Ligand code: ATP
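In structure tokens, the next block holds one chain alone, the form predicted on its own.
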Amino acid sequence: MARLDPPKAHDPRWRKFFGFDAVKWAHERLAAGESARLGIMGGTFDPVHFGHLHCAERVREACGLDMVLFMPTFIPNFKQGKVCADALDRLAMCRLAVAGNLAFCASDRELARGRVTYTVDTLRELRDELPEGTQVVFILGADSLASIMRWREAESLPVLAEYAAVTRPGYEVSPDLLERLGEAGFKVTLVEAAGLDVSSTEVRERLAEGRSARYLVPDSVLRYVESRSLYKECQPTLRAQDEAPSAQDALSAEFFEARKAELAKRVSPKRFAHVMGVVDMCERLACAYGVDVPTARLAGLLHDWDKGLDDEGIWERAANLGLDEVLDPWVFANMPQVLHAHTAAVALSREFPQIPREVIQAVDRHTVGDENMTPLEMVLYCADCLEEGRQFGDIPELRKLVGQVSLDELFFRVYEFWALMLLSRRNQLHPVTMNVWNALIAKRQLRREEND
């Protein structure tokens, strides 16, 4: 089969081959006295499938759209490092998928930027270029509505576009949520799309395993995938139980080194240095207090897995993992700095089911703790504070206590240090912090009474 190569990013044919000039299209339609209702459907499209096409068609029909732009992201901010196909390949597949529908086009707008962008950036850029009278409708999943007011510059979103939220049968959007969005100025249309439960993950897994993905994606896309040998090496989440590594594999040196190399690409050099310092301190504490060393080292390595995201990025990642419906709404809205623990725990458990449950729970609890911390969880919490790179406040003195006091006492002293530091800086306290502190005081008093 002939190889279907897209042009390189620097090739002058880039826009001629892939581009759709939405601005020119809008001008021509308005000049002819026709409407110009433009739908924007963003996503990774890794690869594009019939579920995407079905949703776009339902929205086009329900909202009276004249054109729907399929706009692949360059690198989505909550999936950095997780995209399998190259940006140009994903765009080429979109172009092939929409070729048979005159109301669909693929756009290179986000890819041409060559960097991570946010919804508000794209919509504002379009608004600046499109002629007056063009109506823009942004298409999103209904589950994203709950977090849209926490997106970057959310206050600007209502004036930049209308919003079409795609629901599935049986999924109900809260009337209270719709009321809040309306009060904030959002114009939202709910569109139910039934019958096509397809995911890009499922398609990638089938292709990676050599199974058929026919009738899940257009034939033209399958031919392109075959010609480019895509997804053969992309097997991060195989479902077959006989191919899932055992729990012991997650504690192997090979697994540790692979995650270490991946983490180095996910976070800044400074953050990576901190993580490796935590790994070393976890080993030291594990040896001092009888905790399994490989398990402690793995927890130390993974605890800041999602620290490479800014506030908007972590909100979006949490929402896409479904955590915006689970976590305390006040914490979700006001303390994005602690969310990385929860997103990492959920994401890691899904992507690497072989990671021991106790490691996942330690990662989840490493920011604010819990009333009943296990020895591993206390080791990680203390190591995050006491690693050698931290030299401020009483940390050097606290580090001297390792092996000299019990693990319970060390955890108490470290927790006390962080709480007092937050208070001195007049920072907000997590609602769980008071509960943990009260539990620590009660346990401390009980130990004293038992020793008297």
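The first residue of the sequence shown is number 1, and the count goes up from there. For clarity, a rigid core is taken as the largest C-alpha set superposing within 1.5 Å between two forms. Owing to the predicted nature of the structure, the values given are computational and were not obtained by experimental measurement.
The protein also exists as the form predicted in complex with the named molecule; that form is not presented, and the subsequent description refers to it.
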Between D143, E162, D292, E312, only one gets a heavy atom within 4.5 angstroms of the named molecule in the predicted complex; which residue is that? D143
If you check A383, V414, L38, M41 against the named molecule in the predicted complex, which one has a heavy atom within 4.5 Å? M41
How about R60 - does it come within 4.5 Å of the named molecule in the predicted complex, if we only consider non-hydrogen atoms? no
According to a 4.5 angstroms non-hydrogen atom cut-off, is R204 in contact with the named molecule in the predicted complex? yes
How about V338 - does it come within 4.5 Å of the named molecule in the predicted complex, if we only consider non-hydrogen atoms? no
Look up in the predicted complex whether N101 has a non-hydrogen atom within 4.5 angstroms of the named molecule, and give yes or no. no
Which one, 210-218, 134-142, 360-368, 343-351, holds residues whose non-hydrogen atoms are within 4.5 Å of the named molecule in the predicted complex? 134-142
Judged by heavy atom distances of 4.5 Å or less, which residues of 31-63 approach the named molecule in the predicted complex? M41, G42, G43, T44, F45, H49, G51, H52, C55
Any chance the CA of R413 moves 2 angstroms or more between this form and the one not shown, core superposed? no
Relative to the superposed rigid core, does H54 relocate between this form and the one not shown - that is, does its Cα move 2 Å or more? yes
If I superpose the two forms on their rigid core, does the C-alpha of E202 end up displaced by 2 Å or more between this form and the one not shown? yes
Pin down for me whether the I148-R365 Cα distance shrinks or grows in the predicted complex relative to this form (closer or farther, change of 3 Å or more). farther
How does the C-alpha distance between V48 and R350 change in the predicted complex compared with the present structure, closer or farther, given a change of 3 angstroms or more? closer
